[in-house]
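A single chain comes next, written as structure tokens; it is the form predicted alone.
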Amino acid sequence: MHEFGLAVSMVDLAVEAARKEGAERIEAIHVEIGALAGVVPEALEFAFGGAREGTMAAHARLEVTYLPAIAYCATCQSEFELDNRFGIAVCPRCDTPSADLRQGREMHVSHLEVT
């Protein structure tokens, strides 16, 4: 389960950032995860529970915003949301394939709530 490694890295980054700001406790870690990031939400939440133990994030909430996969069609000059989880982007207006993925693969900590 690679989600445990992701959760550990996420907690490590959050703890480092919180310490730099002089925080004593992390209340919540907010992350944004793209639809094509290859992360199983339930597995990440489970892994987060173990990854935060013994850290200043021991009681933190994991707040996840899931971002849809968005591609761009050069023919129509418009963005469209992918309707599959495989990253196959075909414009719904003109049926042109697109390799220009604008959103959907990211996973990053967006912000923290600390005390």
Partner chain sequence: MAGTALTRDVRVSGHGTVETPGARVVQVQKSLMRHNDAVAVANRAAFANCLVLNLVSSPGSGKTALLERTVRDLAGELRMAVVVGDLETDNDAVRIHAAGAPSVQIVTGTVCHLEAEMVARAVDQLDLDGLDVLVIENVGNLVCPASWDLGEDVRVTLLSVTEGEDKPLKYPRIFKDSHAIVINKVDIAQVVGFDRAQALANVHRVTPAAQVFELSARTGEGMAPWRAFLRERLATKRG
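Numbering follows the first chain given and starts at 1. Note that the coordinates shown come from a computational prediction; the quantities given were computed from them, not determined experimentally.
Another form exists, predicted together with its partner chain; not displayed. Remarks below refer to it.
Can you tell me if C94 lies within 4.5 angstroms of its partner chain in the predicted bound form, counting non-hydrogen atoms only?
Output for C94 is no: heavy atoms all beyond 4.5 Å of its partner chain.
I'd like to check something about F80: if you look in the predicted bound form, is any of its heavy atoms closer than or equal to 4.5 Å to a heavy atom of its partner chain?
Yes, F80 is a contact residue.
Contact with its partner chain in the predicted bound form for L67, defined as at least one heavy atom pair within 4.5 Å: yes or no?
Residue-level check for L67: yes, a contact with its partner chain.
Answer for A43 alone: is it within 4.5 Å of its partner chain in the predicted bound form, judged on heavy atom distances?
Contact with its partner chain, no.
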